[in-house]
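Below sits a lone chain in structure tokens, taken as the form predicted alone.
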Amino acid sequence: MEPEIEIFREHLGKKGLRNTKERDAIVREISAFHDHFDVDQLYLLIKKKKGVSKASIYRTIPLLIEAGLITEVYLEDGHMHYERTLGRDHHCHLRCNQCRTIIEFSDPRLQEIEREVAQKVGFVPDGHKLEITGLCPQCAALDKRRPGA
């Protein structure tokens, strides 16, 4: 059995919830994602294959977050985007405001700074999220070529 399915079923059991074919289909589809996704993208992929409703996806998303299988990444155009977390190292994001490109990066210094800041105030962190917005190199180069820029 796929690790995501196993972890999710265990989480559901601890909460006293039952697993369904729809929930299994949602977890399987998410485990195949390698990029960020939103509910609409997931729905379009999954409804063709499994006939899962959008309501089922919306009800399952919080359970997947609680189980540690996905995380909220950013809010754009009024809806949340997510990414898989299982088997991925922690990373942060650079997000272009113009073309919407997302560049993932990690730097161990960020985790050290987090620990130091939290320790100073007695805070117990369970993670961190960093997003830097601006222009990617391509959009920045185009922006410099515009008159008046």
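Superpose the two forms; the largest set of C-alphas matching within 1.5 Å is the rigid core. Source: prediction; values computed, not measured. Start at 1 with the first residue shown and count on from there.
Here the subject shifts to the form predicted in complex with another copy of the chain, a form of this protein not shown in this document.
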Per-stretch contact check against another copy of the chain in the predicted bound form, the hit in 97-105, 48-56, 35-43, 22-30 (non-hydrogen atom, 4.5 angstroms)
97-105
Is residue 125 part of the interface with another copy of the chain in the predicted bound form - any heavy atom within 4.5 Å?
yes
Using a 4.5 Å heavy atom cut-off, state whether residue 91 contacts another copy of the chain in the predicted bound form.
no
4.5 angstroms heavy atom contact with another copy of the chain in the predicted bound form for residue 130
yes
Answer for residue 135 alone: is it within 4.5 Å of another copy of the chain in the predicted bound form, judged on heavy atom distances?
yes
Contact set, 69-85 vs another copy of the chain in the predicted bound form - heavy atom within 4.5 angstroms:
72, 74, 76
Comparing between the shown form and the other one on the rigid core: C-alpha of residue 72 shifted by 2 Å or more?
no
Is the CA-CA spacing of residue 41 and residue 76 tighter or wider in the predicted bound form than here, given a 3 Å or more change?
farther
